[in-house]
Ligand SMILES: Nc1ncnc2c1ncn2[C@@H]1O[C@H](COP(=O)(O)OP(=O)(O)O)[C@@H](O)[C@H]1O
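Below you will find one chain, with nothing else, as structure tokens; this is the form predicted alone, and questions on how it binds or moves follow later.
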Amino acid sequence: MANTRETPPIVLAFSASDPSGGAGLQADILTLSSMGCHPLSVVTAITVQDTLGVEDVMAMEAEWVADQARCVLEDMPVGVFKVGLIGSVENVAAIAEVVADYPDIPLILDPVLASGRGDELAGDDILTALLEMLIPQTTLLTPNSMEARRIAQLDDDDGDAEPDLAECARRIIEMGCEFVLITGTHENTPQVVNTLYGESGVLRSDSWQRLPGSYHGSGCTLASAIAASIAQGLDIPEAVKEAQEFTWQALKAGFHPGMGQYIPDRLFWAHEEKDATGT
């Protein structure tokens, strides 16, 4: 008897492999699967890292990045692109060329500029390439407040004072992306405030209880959860709301397997069901 099950929504994630399972492609795959999508994964780099920080990054050759993506794109219908750590200017160009051939597929870009410990993962050369080649093709950019300020000030030669986050969002949208979700984990506020901006200004602002500790892969989780929600048919504001709820629950259920950061439990709902049934 033929299997007639409907194919789940498919999301293609470009990112680096994280052997700790906390961030990168591993975080993308866990999140997308947990939210009912089928993840496709293109390796952009290999990292040496644990829950304490990133020790080294080796970018894949750009041709390999492009070939991985084109191979699966020619085979399966992709609903959403999600881009994380890219690894090199050449890889930015390769990804930009691939996604340009699929302009109707939404692109969620998480600009991974540094690790939780502060290890730099993208220099100004990569950032400039993002600005010139990928951000103009981006549907939704998901920087934290520090990343948003760095991106917004990249071409600022006026020596102005540090812009507020609304001004950062305005500048980033002028670079060509449609929406910006700036997360407030790094801000000195009682609650974490995440704000979604569009061309017309603030579209939604959500406050979340600030959880103790720090988490490895929280940004990857949020961006992938947004991608999954869009793939499931939600519009941008609703997808952002749904993804924040998923991410907060994953962080709240996080565990501490190593000597560094907590790891979000992207399968928190399965463990809750197990606890509820006692099996």
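A residue's number is simply how far along the shown sequence it sits, counting from 1. Bear in mind the structure is a predicted one, so any value in this text is a computation, not a measurement.
The next section is about a form of this same protein that is not shown, the form predicted in complex with the ligand.
- In summary, the region of this chain contacting the ligand in the predicted bound form, judged by heavy atoms within 4.5 Å and restricted to 34 to 42, 231 to 239, 218 to 226, 60 to 68, corresponds to 218 to 226.
- At a distance threshold of 4.5 angstroms between non-hydrogen atoms, N194 is in contact with the ligand in the predicted bound form.
- Put simply, L251 is close to the ligand in the predicted bound form: some heavy atom of it is within 4.5 Å.
- Heavy atoms of T183 reach within 4.5 Å of the ligand in the predicted bound form, making it an interface residue.
- In the predicted bound form, Q209 approaches the ligand with a heavy atom inside 4.5 Å.
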